[in-house]
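You are given structure tokens for the same protein chain in two forms, set apart as structure 1 and structure 2.
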Structure 1
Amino acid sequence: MIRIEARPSTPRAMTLGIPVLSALIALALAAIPLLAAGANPIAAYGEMLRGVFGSVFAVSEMLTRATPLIFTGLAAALAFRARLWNIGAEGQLYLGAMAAVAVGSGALDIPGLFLLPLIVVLGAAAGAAGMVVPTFLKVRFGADEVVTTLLLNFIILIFLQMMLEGPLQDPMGLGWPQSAPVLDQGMLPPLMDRMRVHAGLIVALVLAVLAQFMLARSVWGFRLRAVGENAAAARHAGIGVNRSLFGVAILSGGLAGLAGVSEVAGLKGYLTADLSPGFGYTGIVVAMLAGLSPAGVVIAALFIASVFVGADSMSRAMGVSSFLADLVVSMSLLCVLVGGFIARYRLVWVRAGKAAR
């Protein structure tokens, strides 16, 4: 019989070593699809490494892809801390992006000093609104937010399509369902010449640090943790549970909205219905890998981005199907999940018969 026992404490080497080991195991497992596709795994790993760290360009691309994941990862981490299961970051991201182009692409031609903050604030507000609605339905009617946020993703995406063929459509866009570009002064500036990595990354990092600090050190964070760990006790102790939930809903939705702002005003410049290849959902994964810690979110986002960019680039170099990238990401995720388990628990083999005789 196998028994699972919580480790009294996790050795330091293990906290650091196990995630790394898990990632390595995931890469080892990636050899299976590689061999199936007739590629040499050893060469592939080399290509993968080169794809992420081989050049300044590669690193900048990895950072570019990590940026929205930090935002959505933070969105999920904060909400999940309060046991508010926000699966709707994807939709909230698009709400933020819509708000950004609504004001940023010519509606207001004002200096960047005003326009950029306006875009950021409105984008965050739009995302926040997208999470406040399901939170209201939860608090008022008891409607499960996993489902409402999930369904809202679809509704928002369809709404987006409607907007891109209607009010938000670029009049110069030859009829394509896309928005007009954000004015130059409304764009988040790039961090490096000729590279795509942009100031959104800095914003994301600052917010991660801030979130980490507030969660651990502020009364607000205290309340949020209490509500998440035991809402009944928090309510009994006089903490406004609904207020905390709405607060975290606003932050979580706002962060997801910022992911949209950052993608549209930092990277693409205008909005299309395929702005996000599932950043909202991946954010959940990032948050959980991070153990719901904001600082961890940064590391997890960098990890996921590295694996994706590396595997994607490797698939091209090795001439195997580019679907390999998602496959490697998902295997890494599952391995790291199990690794996290092993760090917290140990399996004990017990022979049941012995004691009985």
Structure 2
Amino acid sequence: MIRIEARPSTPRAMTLGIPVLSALIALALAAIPLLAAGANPIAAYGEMLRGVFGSVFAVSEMLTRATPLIFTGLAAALAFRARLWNIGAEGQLYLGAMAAVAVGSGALDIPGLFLLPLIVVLGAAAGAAGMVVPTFLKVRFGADEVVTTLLLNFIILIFLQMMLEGPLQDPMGLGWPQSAPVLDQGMLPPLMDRMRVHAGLIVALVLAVLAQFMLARSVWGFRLRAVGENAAAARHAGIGVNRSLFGVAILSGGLAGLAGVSEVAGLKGYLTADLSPGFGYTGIVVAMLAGLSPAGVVIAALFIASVFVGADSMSRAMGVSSFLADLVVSMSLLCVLVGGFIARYRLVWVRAGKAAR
């Protein structure tokens, strides 16, 4: 008979190789619907590569798409490390975006030198507030944060629509539900002329490096990992579990809020209800592909951004649906989950007689 038992330890090569292998398997499996659609998978993937790396503009578009995914991936990775299941990064992103346009559109008389830093700080604070509330409900009343953060997304989106048709609506927008534009001095500067990639990418990369260092080298990171491994044992050892949860909640929500700031103040310049195509939810996939590693989040975000941008190019060139990107991302997540199970457990063949004894 076959028995499943936990591995005494997981080889580092397996831990690092599972995300890469998962992505390759997902691409291989995606070739099946490509064949069914009458497309040559090799040619299709060639078009995807050209759509991502075929020009400077293509690379810049991939980096632009990866920027909010790095923020939301970090938000999910840090929270999940503490077993605080933040499914609300989408709503926290919109809270950060609302704070950005509320301050950056000229509602307050702020000198231009201080406008952009204030937008960033208040955007992060608004996102953090969106995660602190579910964490308080979890700590105080035992509410499941998966449910509260998920449902809060819908509440925030309804609130957003109300604000876009009320206080935040652009008076020059002819009644269209969009915010007033952010002032020029409140915008994140572009990194390349005539390209959409902006300084939000630099901020995201710096925060990823800081998060990796803090998680691996700081006392805070040790406490966070201890709480995630065994909260009861951490509490017995004198670690303030609730304080650690609130700390990581503030960081997680703040990072998601910065994703909204980067999209408003770095890319579009104004806020609409369709600002995010699901960056908050995709950030969860990024975090899982990265193995909850902040450094891995950057790589995973670049991969997923490449899939989405490349799929759009492939769709235009070959007439294949761009929804193939969603399929690849979904299958990558499934493969990572299966790979994670294989990394933690192994199958052991046991003779029936020996098992009976």
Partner chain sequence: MMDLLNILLSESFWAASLRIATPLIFGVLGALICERAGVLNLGIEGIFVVGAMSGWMAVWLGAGLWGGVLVAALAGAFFGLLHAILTVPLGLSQHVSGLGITLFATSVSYFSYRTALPNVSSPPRIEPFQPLDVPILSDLPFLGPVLFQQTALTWLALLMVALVWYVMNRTALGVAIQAVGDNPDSVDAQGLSVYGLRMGAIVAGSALMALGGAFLTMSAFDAFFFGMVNGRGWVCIALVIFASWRPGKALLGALLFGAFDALQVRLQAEMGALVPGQIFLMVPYILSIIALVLTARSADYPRALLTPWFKGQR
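Here, a residue number simply tells you its place in the sequence of structure 1, counted from 1. Between two forms, the rigid core is defined as the largest C-alpha subset superposing within 1.5 Å. Quick caveat, the model's predicted, so the values are computed rather than measured.
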| item | value |
| --- | --- |
| Structure that is the form predicted in complex with the partner chain (1 or 2) | 1 |
| Threshold 2 Å Cα movement between structure 1 and structure 2 for Ala237, core superposed | no |
| Core-aligned C-alpha movement of Ser332 between structure 1 and structure 2, 2 Å or more | yes |
| Yes/no, Gly166 Cα shift of 2 Å or more between structure 1 and structure 2 with rigid core fixed | no |
| Shift in Å of the C-alpha at Leu16 between structure 1 and structure 2 after core superposition | 6.3 |
| Distance the CA of Ala26 travels between structure 1 and structure 2 [rigid core superposed, Å] | 3.0 |
